[in-house]
Each structure stands twice: as structure tokens, then as C-alpha cells.
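Starting off, we have a lone chain in the form predicted alone, written out as C-alpha cells.
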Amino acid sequence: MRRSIVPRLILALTAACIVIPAALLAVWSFTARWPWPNLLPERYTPRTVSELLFGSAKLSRLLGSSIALAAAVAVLGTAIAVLTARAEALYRFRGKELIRLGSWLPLLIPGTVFAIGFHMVLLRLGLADTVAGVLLVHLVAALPYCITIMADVTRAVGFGLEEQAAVLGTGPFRAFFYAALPSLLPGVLSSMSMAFTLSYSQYFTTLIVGGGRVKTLALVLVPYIQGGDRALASVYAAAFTGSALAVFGIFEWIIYKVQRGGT
């Protein structure tokens, strides 16, 4: 009996930690005045929502650009990670350890040094304050996680399926896409989810490399939080969280369909 109560209490506590802040966020989105120590807001207003939907903030445009940027990072990062993981896990060659170390360098360098140094390089390349520059810095920041995920999955899958396909006369590309890739797909989607999360939540690197010209939802959200405008910050935070959860839900649905189809 006690064993069944403890998991339920943990589950209820976890749900409360998620639902209560989400409810407060929704209330703050329509609050005009909520002085301490009142338990409920003193005055409500639709100003924040109407300003975001019909004003100059253009929430829809911010959502579109942020999701598109993060999705591009997820696709490119995972594609590079798949190739790097296959080379690292399935082949032997000189410099293999250097590639493994190089994939972890973005994590070993402090974030401020990484962003400023990357910005100096992009200045020389003419890519500073551009979407392409922000895409590159997000991609480099996400690659260590993507490569780690794909390396573990690639080692688990191994080379056996492709060898069997080759014995049956299949070429290397068809063997990979039809024999190995379906087994790697859950890892691919996990890598894409991780890369999307990292890119979608990047603030400092976007600010430094984008120079304030490349607008993302995280870049706009943080100043409102720091400036004390809780109503607008709450609306942006709700949009940020809801859109991210929607994308993760799509990823989880795809993983579920893939795993169900595989069984």
C-alpha cells in the first residue's frame, strides 16, 4: 500500500509544480495590477494580448522565425551528427580521438568567450548580424549533444544490418537508408529535439552574433523579464513554452509511430 502511495504523491507533486506556474503565467498575461499581498489581481486587462496580436510586436512573426531557425539547426545538426557518429563508431582511422575531442570543444569553452570569439570570426567572413551567422553559432553549440546522442545509438545498432543488406546485393546507400536508418530514427528524432531546444532557447549567442537585428522569441522575452513588465513577459513566456511543447509533441508522436511501426 505504501509503495503505491509514494509514486502517486511524487506524480501529484510533479504535476503541481507544472500546473501551478502555468496557471499563474496565464493569470499574469491578463493582469494590469497585482499588488502585494493580494491573493488575486486587483485589475485585469486584455492590453498585452491585443498588443502582441495586433500591435508592433508581431508574435506570429517571432514564432515563425524562431521555429524556422531552430528547425534548421535541428536538421543540419542531426545530419552532421549522423555522419560523424558513423565515422567515430564504425571505422578506424588516424585522428579519430581528435575528432571526438573537437566535438566537445564548444562545451569546454566558456559561453561568453565562445560567443565573442565566434562573432569575431563571423565579422571577418561578413556573416555577423545575419541569420546565417546565428544559424552557424547555434549549430556549433548544438553539435556536441547531437553527436553524443547519435554516437551512442550508432554503436547500439552496429553495422550488422548493412552487412546483411550488402550480402543480398544492396548498394551502400540503399543499405543505409533502408536497413540502418529505420533503427537509427528514434535517435535521430531525439537529436533533433535536443538541437531544437538548444537553438530555440539561445539568448546570449543570438544577441552577440545577431547584433540585435536577428529577432527570436527568446531574444525578445528576456528584456521584458528583466524590465519588470510581468504581463508582457508572461504572454511571451506562455507563447515560448506552448510553441516548444507543441514541437516536442510532434517529435514524440513521430517517435511513437516509428516505434509502433517497428514492432
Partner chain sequence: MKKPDFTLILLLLPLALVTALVLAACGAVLLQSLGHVPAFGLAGLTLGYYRDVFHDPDFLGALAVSLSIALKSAILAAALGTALCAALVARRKTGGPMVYLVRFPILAPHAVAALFAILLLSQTGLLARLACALGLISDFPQFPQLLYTPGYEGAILAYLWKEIPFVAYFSLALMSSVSATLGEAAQNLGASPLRAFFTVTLPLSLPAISKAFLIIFIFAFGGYELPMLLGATLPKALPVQAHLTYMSPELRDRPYAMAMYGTILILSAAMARLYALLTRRLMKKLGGTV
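Numbering follows the first chain given and starts at 1. Everything numeric here is computed off the predicted structure, so don't read it as measured data. C-alpha atoms forming the largest set that superposes within 1.5 Å between two forms make up the rigid core.
Keep in mind that the form predicted in complex with its partner chain is not shown, yet the notes after this line are about it.
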If we test each of 150, 134, 143, 192 for a heavy atom within 4.5 Å of its partner chain in the predicted complex, the one that passes is 143
Open item on the list: Is residue 8 near its partner chain? Define near as a heavy atom within 4.5 Å, in the predicted complex.
Closed with: yes
| said: Considering non-hydrogen atoms and a 4.5 Å limit, does its partner chain approach residue 247 in the predicted complex? | reply: no
Point to revise | Interface membership of residue 71, its partner chain in the predicted complex, 4.5 Å heavy atom rule | key: no
_Even though the partner isn't displayed, in the predicted complex is residue 59 close enough to its partner chain, meaning a heavy atom within 4.5 Å?_
no
Contact check, 7-42 vs its partner chain in the predicted complex, heavy atom within 4.5 Å, ordered by sequence, gives 7, 8, 10, 11, 14, 15, 17, 18, 19, 20, 21, 22, 24, 25, 28, 34, 35, 36, 37, 38, 39
Next item on the list: Establish whether a shift of 2 Å or more occurs at the C-alpha of residue 155 between this form and the one not shown, with the two forms superposed on the rigid core.
Entry: no
Does residue 172 move appreciably between this form and the one not shown, meaning a CA displacement of 2 Å or more on the superposed rigid core? no
